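The chain below stands alone and is given in structure tokens; this is the form predicted on its own.
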Amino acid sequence: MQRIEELAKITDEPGRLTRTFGSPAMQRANELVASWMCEAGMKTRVDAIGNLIGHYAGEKADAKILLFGSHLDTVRNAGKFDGPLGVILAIACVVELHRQKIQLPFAIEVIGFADEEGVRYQSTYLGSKVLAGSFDAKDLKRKDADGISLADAIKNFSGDPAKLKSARLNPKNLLGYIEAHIEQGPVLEKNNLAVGIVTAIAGQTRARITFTGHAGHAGTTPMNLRQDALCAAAEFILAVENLARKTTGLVATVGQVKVEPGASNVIPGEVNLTLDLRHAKDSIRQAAHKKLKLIGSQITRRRKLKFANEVVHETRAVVCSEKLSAQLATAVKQQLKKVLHLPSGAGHDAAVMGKITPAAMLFIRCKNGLSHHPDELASLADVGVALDVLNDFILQLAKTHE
């Protein structure tokens, strides 16, 4: 917990925690966390995009590798725990192994991903995509708000855009990937539990929706002759909420609305809004999106408007490894009377790493389910439970490892 506080002081914006990809603060964070890895008996390296990796050797040089990880970047005006807690907990596990001079039948690597949030380049999971071999080279042309390309940012971060492909991990060498993370939701708190096991990471559809009507004078256009784009959008937004309430496990959000021309005495002629759909089952999420497109078309046809739907981001759901999750659950049972299994509505590096190796996640209760906020908080007691669970999990895995 002291390390959480120490790392939280490293920021690009005085007065609040902001640490984005390739920034001076990210460089200092890597250096600090690397020093903790070294103290724990790990050899450290930084890969071609800036992921920090600590290696704790196994009994044999060719031993398979169990990965632990999370991200060291943050959103703007962030909390202290989202991302870094998973890295620091993993290091604490290795500290205990090193203290007892225990070598396992597998190696452990702790990864501090250089980018998960996607704040600077609006492209999430840059760090884990490189290690998983799913990085899209087209993203190197992306530019930040200051016009700096991703390729140049990587170079400035002492990385090498030309070596991103070769930074991919070989799945044959991997035993699995474990990520500890605050829940970012209220379920554990509601059930009065310190930790829980993640069953799946929800798939996500993000779309831009446009309603196009006809702007007109607010005082002279009769109600029956209006083509009000905002009224159509309002009807659609309520339909989004209604569908999500009726569909178990579906969450749907309209987070941005832009009205044109945006004058108090002009009928809205165009409305642009965002749609975010998430579900642990892709088929249900996709069916919901199809249904909402139909509803949007029906609304605009009835109101004599135009409707457009553009998908701007889509990720498939990732089901967590049943075997690793069961072993985590066994470790949880040694600490708690009840084991809660729950899906993750938020995305995590585990969703990417799960494509190359079995992945599992341990959620840790956070106060009021609050995240991406300065008041984000996981208690000392709950972090202690999580650490005990991870320590037990590692030793238990060592006994069953073939």
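Under this definition, the rigid core comprises the largest set of C-alpha atoms superposing within 1.5 Å between the forms. Bear in mind that the values here come from a model prediction, so they are computed numbers and not experimental data. Position 1 is the first residue in the sequence shown; the rest follow in order.
There is another form of this protein, the form predicted together with another copy of the chain, and it is not shown here; the text below is about that form.
Contact with another copy of the chain in the predicted complex, defined as a heavy atom within 4.5 Å, is made by all three of Pro186, Glu235 and Arg245. In summary, among the residues Pro374, Gly41, Pro358, Gly345, the only one with a non-hydrogen atom within 4.5 Å of another copy of the chain in the predicted complex is Gly345. Interface residue among Asn265, Ser283, Ser166, Ser158 relative to another copy of the chain in the predicted complex, by the heavy atom within 4.5 Å criterion: Asn265.
Residues of just one listed stretch (143 to 151, 218 to 226, 166 to 174, 107 to 115) have heavy atoms within 4.5 Å of another copy of the chain in the predicted complex: 218 to 226. Remark: Ala252 counts among the residues lining another copy of the chain in the predicted complex, judged by a heavy atom distance of 4.5 Å or less. Using a 4.5 angstroms limit between non-hydrogen atoms, Ile102 is distant from another copy of the chain in the predicted complex. Among heavy atoms of Gln122, none comes within 4.5 Å of another copy of the chain in the predicted complex. Looking at Cys93, you'd find every heavy atom of it more than 4.5 angstroms from another copy of the chain in the predicted complex. For Ala233, the Cα coordinates differ by 2 angstroms or more between this form and the one not shown after the core has been superposed. A movement of the C-alpha atom of Val266 reaching 2 angstroms or beyond is seen between this form and the one not shown when the two forms are aligned on their rigid core.
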